[in-house]
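As structure tokens, the next two blocks hold two forms of the same chain, structure 1 and structure 2.
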Structure 1
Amino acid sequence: MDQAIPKRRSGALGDALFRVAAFSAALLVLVLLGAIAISTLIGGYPTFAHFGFGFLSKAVWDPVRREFGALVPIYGTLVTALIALVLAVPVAFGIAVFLTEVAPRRLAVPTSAAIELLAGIPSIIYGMWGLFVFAPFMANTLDPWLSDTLGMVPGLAPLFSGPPLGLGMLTAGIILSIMIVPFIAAVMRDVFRLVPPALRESAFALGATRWEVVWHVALPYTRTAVWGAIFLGLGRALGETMAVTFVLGNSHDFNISLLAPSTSIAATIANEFTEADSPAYLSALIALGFILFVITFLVLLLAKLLLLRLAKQGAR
């Protein structure tokens, strides 16, 4: 008995120490998020204070005269992400339907694995492919074709005007879409698998085709989570740096044409950070980082809330 008491005490001490260590590590996650927001806000503060709201609404970017307005990078970020979503969502939806409804297990498992593996390829590889393979293809083939077809449609013409350089928001948007397809497809596939079998089987018993089960049963049941998957992809596309930096052309001149060089928030930071030779320039770039962080945080927050909703519904 006498020996058991100190032993138990050491257990209590060990328990307390381990608990505190684990607790601090978990708390670090929250601290980290706060610290990222605060540090970039502090770094960008001189810019926000000096330019005020004009930083968001002006399209001037003149490091020499130290005048900074982030309209072009913000616009470029939103437009490239939007192009990426418009192209990626139907393809990702198709892949998710294929994996859950069409493919036999023997085919679905390796296809799933391949798509997940490809999702892990570093974004700089997409960037290189974009620069050396895809941008020339755009310049020689797709850009001129678009100018000749859609560029002739009144109303759409300004979007597809200008010389075919192969660098610009359309090129970046297409590469981004290839990048986010696996992410969105994987989440959608997992979401579709949450549809209760009883629900699907009832629909089949009523004579519904597979497609009708997808469209009239699975999709309505998982609608919020499917939106969650889409917003998750949007979050990725907004913050992606390397895949777009190579092919955007890094131009701060505002141009409505999707074929003209532009820039995005992440690309501006990556391209110009090492060249930032004045505190004002550096602060402007960090301010851009803060804006990017806030935008992606809100988008990812929404995505997670939408995804959680289905998880809770399934648990009930």
Structure 2
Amino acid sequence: MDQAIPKRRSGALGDALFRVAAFSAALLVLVLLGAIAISTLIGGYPTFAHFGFGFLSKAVWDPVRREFGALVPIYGTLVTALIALVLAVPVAFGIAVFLTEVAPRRLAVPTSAAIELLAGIPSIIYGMWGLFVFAPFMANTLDPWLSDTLGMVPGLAPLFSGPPLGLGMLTAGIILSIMIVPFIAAVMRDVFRLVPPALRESAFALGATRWEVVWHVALPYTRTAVWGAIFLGLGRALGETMAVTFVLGNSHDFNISLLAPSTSIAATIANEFTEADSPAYLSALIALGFILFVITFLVLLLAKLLLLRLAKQGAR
């Protein structure tokens, strides 16, 4: 009896220390997040104060005349990330379904390992491969075909016009899709494996096909985690730097065509930060960093709200 009291007190002390440590870790993340936002806002404040909202809508980027606009980098960032997401999600979903529903174990294990290895390849390797291998393929094969076919379709012609340079938003979007496929596929594969076997077996017993089991059982059961995987890939695509820098073309000329060179926020900062020879130039680049921070934060906030809504619907 005498020994039980010290043990209970020791356990209570351990719980208290654990709560303090966990709270401190969470608070540290919030402090770092706020410090990053505040520091980039302060650094970019001269640009926001000078140009106002015109900084977001101007397509001019002229460091010599100290005229800066973020429209082209913002457009390039959003378009390349959207292309990457549109291309990567179906492929990642197919990979996850194949690994969990179709492939035998002797094939699923090495394929899963290969997918995880792809996620570990440095982004600069993707960029170099894209510049020296994939961009020439785009210039010689895919870009001319898209320009000759889709470029003649009314309504789509502006998106696929221009010379086949090989460097542009479409090339960057495809490279980004290759990069984010392993992340999305790995998460989808793991959550599909968490579907209770009883649900699968019940669906098969009722005569459901394999695809019906995936679409009507596995996907509804894991839809919250699947959406989380998609937004995880989107966050990676929005902030990618080196791979995009190699293949995007790094042009500040606004062009709606997906085949035309453009730039992104991350690529602009990476390319020009060391060349910022004036406080106004440096402030403009830091302002771009703050805009990228806000875009990423809004995307993740939207993802969180969507996941909460899906969770509530699942509870009902």
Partner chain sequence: MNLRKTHPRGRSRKRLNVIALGLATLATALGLVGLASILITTLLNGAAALRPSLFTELTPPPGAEGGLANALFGSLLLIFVAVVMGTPIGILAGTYLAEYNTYPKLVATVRFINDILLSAPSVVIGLFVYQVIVWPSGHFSGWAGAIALALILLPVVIRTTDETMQLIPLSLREAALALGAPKWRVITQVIYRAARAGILTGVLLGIARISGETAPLLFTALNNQYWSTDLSRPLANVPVVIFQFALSPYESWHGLAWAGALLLTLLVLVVSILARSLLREKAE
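All values reported here derive from a predicted model rather than from experimental measurement. Reference numbering: structure 1, starting with residue 1. If you superpose the two forms and keep the largest set of C-alpha atoms that fall within 1.5 Å, you have the rigid core.
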* Identify which of the two structures, 1 or 2, is the form predicted on its own. => 2
* Structure fact -> Cα of A22, core superposed, displaced between the two structures by (Å) 8.9
* **Per-residue C-alpha deviation between the two structures [K304; rigid core superposition; Å]** => 6.0
